[in-house]
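Listed next as structure tokens is one chain, alone, in the form predicted on its own.
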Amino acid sequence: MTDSTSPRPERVRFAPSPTGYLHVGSARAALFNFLHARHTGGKFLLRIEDTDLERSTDDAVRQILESMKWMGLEADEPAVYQTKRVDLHARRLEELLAAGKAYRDYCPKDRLDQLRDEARAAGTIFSYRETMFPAEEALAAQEAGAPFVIRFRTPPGEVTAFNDLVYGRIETANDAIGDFVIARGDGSPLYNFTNVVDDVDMGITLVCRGEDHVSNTPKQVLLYQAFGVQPPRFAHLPLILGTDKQKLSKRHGATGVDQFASLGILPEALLNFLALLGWAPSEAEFDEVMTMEELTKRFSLDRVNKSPAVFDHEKLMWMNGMHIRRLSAEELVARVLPVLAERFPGEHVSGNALVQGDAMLRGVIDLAKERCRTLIEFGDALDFFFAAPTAWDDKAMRKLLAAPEAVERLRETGRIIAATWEGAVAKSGIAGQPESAERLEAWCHTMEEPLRAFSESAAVKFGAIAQPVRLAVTGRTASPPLFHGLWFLGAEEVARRIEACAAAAEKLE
């Protein structure tokens, strides 16, 4: 594999077509270009290849730009739009025609179809040559105003080669390429031509893109040579597959970058995950969870793997949870608050006068961070702080509170909590610093002691005391830390929920 180290800063580009959303494969290509530019101290450019007027849409352009901004992969120079470069493309096309390196081909479609069928019957690859349509017929077609295309005149009998930073040296016989179309008869150029013209004009020194473009590269190399320009270096990235080893598609889950944002994925987590799809740092630097700064420092194209990468949604969820827990308290609140505000537009439930408003929100968000893998999951984990449960997990109710003595223990537990509350506040000193983590821990410890003593006197495990309380205040048996949750709900709210749950348990059939 060729070393990608460059003695000078690179100019690289990401060139999406706005015919749909920005998908995972394109996002990874954008990221690899961005990391390489930053690693070499170069420039990362964006080109919108919007020449397909029938399929390109303004919505797709907007989605691409918004997705790039969300990921933090903004270009170092203003975005280039191919539709605004029509004059440049026309001039370069005329250059090739004038130099005899391209020609107008009048061969009709039915003749081309016949030639393809003959090649297929002979078991050979079809490649078109100017001589396949007799000159006299071409002249007659031209005089009759027949439709035509513009083809590049590929030098016969030679081999076109390039060194790929991932796949090594790739050679293609020109006779297998043939004279390929570079523009329609109306002068509108095709992908390979505009790609080369724009890369030359933008000063691109390295082209990094998906391996599905490997087959395009020999034609593009020929065009660079025709313009008398040294081709840029190339690096083609391996495919991304689903866990079923099939090409990634919608059936594997969210593939549009904007979908990941709506699922509560952090942009830094998605970038970290995408970076490891086909690339890994050296063993000495290996750490699955990395910041953009760390990725930029360690990234090099010579460590891109040839093998297809597997998109594992569960791995992404795990990595997102790791990045959530790395956020500072302020950053975490800033990310989660919009989720909670959208889901719970009303006032939150809290009877604790010491932790009303923002202090309560900051506190409960911190409680849930160890359990949540996405920002959306904070809404699920914290819903009981915003509305008292009106129903309780039926299976848990029947397991924990089916017996009358269990219901009475729950009520007695509630009485102990109420009787202990103010004393625990005074003992912990939390009234003076309600947001103090140390004092909150001390309050929780003080609250827990009499309940453990109660479990011993009642000759039951502590879980038989704590779990019914958890069920009563949350509606379920899994939640953020129990006593911390009680603190933020407040004594009166806790008492109301315990009694409501106990009353419901008495009605079980």
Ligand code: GLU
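Residue numbers here begin at 1 and follow the sequence given. The shown structure was predicted, so the numbers you read here are calculated from the model rather than taken from an experiment.
One more form of this protein exists, namely the form predicted together with glutamic acid (GLU); it is left out here, but the text below deals with it.
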Checklist line | Proximity to glutamic acid (GLU) in the model of the complex, single hit among Arg151, His213, His89, Lys369 (heavy atom within 4.5 Å) | finding: His213
Notebook entry, point to check: Among Asn272, Asn195, Thr413, Asn320, which has at least one heavy atom within 4.5 Å of glutamic acid (GLU) in the model of the complex?
Noted result: Asn195
Notebook entry, point to check: At the 4.5 Å heavy atom threshold, is Tyr191 in contact with glutamic acid (GLU) in the model of the complex?
Noted result: yes
Note to self: Under a 4.5 Å heavy atom criterion, is Pro16 part of the interface with glutamic acid (GLU) in the model of the complex?
What the structure shows: yes
Notebook entry, point to check: Taking heavy atoms only, is Glu448 within 4.5 angstroms of glutamic acid (GLU) in the model of the complex?
Noted result: no
Checklist line | Segment that reaches glutamic acid (GLU) in the model of the complex - one of 328-336, 205-213, 401-409, 361-369, heavy atoms within 4.5 Å | finding: 205-213
Check: Judged by heavy atom distances of 4.5 Å or less, which residues of 288-310 approach glutamic acid (GLU) in the model of the complex?
Finding: none
